[in-house]
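In structure tokens, the next block holds one chain alone, the form predicted on its own.
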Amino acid sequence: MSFASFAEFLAMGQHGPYVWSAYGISLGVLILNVALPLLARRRYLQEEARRLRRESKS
């Protein structure tokens, strides 16, 4: 499929809003699938460091 202009490419033959929102949602889910475990790991390591400091003081 070829498009005469970039605007036509973005419009995707009147299906643009569906296509681009689907791409956006998919990209958002992929980003969350990477970011949330990284944030959870950082939080876990911080909590463990606090716990170890607390236990070493006792």
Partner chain sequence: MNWTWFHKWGSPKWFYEMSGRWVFWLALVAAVLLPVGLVWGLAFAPPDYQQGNSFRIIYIHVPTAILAQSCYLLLAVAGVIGLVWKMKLADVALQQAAPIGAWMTFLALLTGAIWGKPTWGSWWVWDARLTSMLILLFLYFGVIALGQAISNRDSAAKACAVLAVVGVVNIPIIKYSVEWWNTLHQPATFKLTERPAMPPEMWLPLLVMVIGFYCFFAAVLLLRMRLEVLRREARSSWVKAEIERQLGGRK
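Residue numbers count along the first chain shown, from 1. Just so we're clear, the structure is a prediction, and the values are computed from it rather than from any experiment.
The same protein also has a form predicted in complex with its partner chain, omitted here; what follows describes it.
Not displayed here, its partner chain is approached by residue 52 to within 4.5 Å at the level of heavy atoms in the predicted bound form. Using a 4.5 angstroms threshold between heavy atoms, residue 6 stays clear of its partner chain in the predicted bound form.
Interface residues of 27-51, taken as those with a heavy atom within 4.5 Å of its partner chain in the predicted bound form (partner not displayed): 29, 30, 32, 33, 34, 37, 38, 40, 41, 42, 44, 45, 48, 49, 51, in sequence order.
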